[in-house]
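Shown below, as structure tokens, is a lone chain in the form predicted on its own; questions about how it binds or moves come after it.
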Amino acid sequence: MSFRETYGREPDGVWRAPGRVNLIGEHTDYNDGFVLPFALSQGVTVAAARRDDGVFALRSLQSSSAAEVSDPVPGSVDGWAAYAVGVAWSLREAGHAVGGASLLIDADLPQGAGLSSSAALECAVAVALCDLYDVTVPEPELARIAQRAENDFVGVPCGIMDQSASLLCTDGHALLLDCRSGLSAQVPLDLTGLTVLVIDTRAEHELVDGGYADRRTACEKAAELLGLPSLRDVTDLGEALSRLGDPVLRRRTRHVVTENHRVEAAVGLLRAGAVGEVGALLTASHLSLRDQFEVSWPEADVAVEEAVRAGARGARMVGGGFGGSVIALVSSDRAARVREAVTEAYTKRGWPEPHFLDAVPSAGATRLA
């Protein structure tokens, strides 16, 4: 199905935004902390044309459903289309004169794998609408606009990391993002002789339920009890933990504070060219996400354990949790063995066969045509 077949005309342009893998720094973004994602070569492509009737018409090559919305307001559309329509609403809410558009969406990024397909869709639509209507928005601000679409239109209380990665990343680099200030820096990610292997556990990733929101609420409550703007501001972990009576809040706080430290350590290793040494930090991150933040799931735990046993430098779950993917930092000559070991472990347990993809640090959103 081409754009002409769908809408009876050629598109005004084609735009693409990538998914992302977060190398390290999970559940730190909405705590004003640090994250270290990089963009994937896989992503979402949007062919688009202006409309004079104010209607937003959406079709996807990955879905039989479609949407047409003339007055986008929260609650006016649901499902995958809400992420796209929400961007138009958010741009307008930010004061940008964006009219209607016909959109045809295609993706080679697996949905539900925790690789930020939703943010890729939001950012592809955002850059498309800005170009269609000659709207100039600095990329950090555009990331905030896309984030608001997900927060206030869709109802997912995500942080700023995914949209920032999709818009700001560059080839061969990870993006060190300070989620409080919005400042970022490109950190070389030279994978010569190494592979970042993404293991899609095939456990569906869904954040519009209560688990993600509960974690965010717990972090906000802990910060409030400590008299701090956010858990980013904890400087003495031991003292902070001693002041929190709730063991759940102590666990959540311990993860956020130590995860920020792991991000800073990883940046130092990457800048020193010691990429392989980051593996131990990945495994430590997973253990913290499993035991302190309690967002892992059985398929992820098995994938991490088997990957490390088969020779990976380190591995961890990525994304918000409760399903999705694992990443493993692997020497290129051991990648095949890691794939085999994880697949064998899944087969033994009667789970669906995992999917694999080699993550290549790539560039952010761009116009293709």
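Every value quoted in this text rests on a predicted model; they were computed, and no experiment measured them. Residue numbers here begin at 1 and follow the sequence given.
Not on display, but discussed next: the form predicted in complex with alpha-D-galactopyranose (GLA).
Q: Examine residue 323 and determine whether its closest non-hydrogen atom to alpha-D-galactopyranose (GLA) in the model of the complex is within 4.5 angstroms.
A: Contact check for residue 323: no, nothing within 4.5 Å of alpha-D-galactopyranose (GLA) in the model of the complex.
Q: Could you tell me if residue 77 has a non-hydrogen atom within 4.5 Å of alpha-D-galactopyranose (GLA) in the model of the complex?
A: It does not: once alpha-D-galactopyranose (GLA) is placed as it appears in the model of the complex, residue 77 has no heavy atom within 4.5 Å of it.
Q: Against alpha-D-galactopyranose (GLA) in the model of the complex, would residue 100 count as a contact residue? Criterion: heavy atoms within 4.5 Å.
A: Residue-level check for residue 100: no, no contact with alpha-D-galactopyranose (GLA).
Q: My question is simply whether residue 279 lines the interface with alpha-D-galactopyranose (GLA) in the model of the complex - judged by any non-hydrogen atom within 4.5 Å.
A: Because no heavy atom of residue 279 falls inside 4.5 Å of alpha-D-galactopyranose (GLA) in the model of the complex, the answer is no.
Q: Tell me, please, which stretch of 313-321, 338-346, 47-55, 65-73 lies within 4.5 angstroms of alpha-D-galactopyranose (GLA) in the model of the complex when heavy atoms are compared?
A: Looking at the partner contacts, the answer comes out as 313-321.
Q: Could you pull out the residues of 334-349 that have any heavy atom within 4.5 Å of alpha-D-galactopyranose (GLA) in the model of the complex?
A: Sequence-ordered list is empty.
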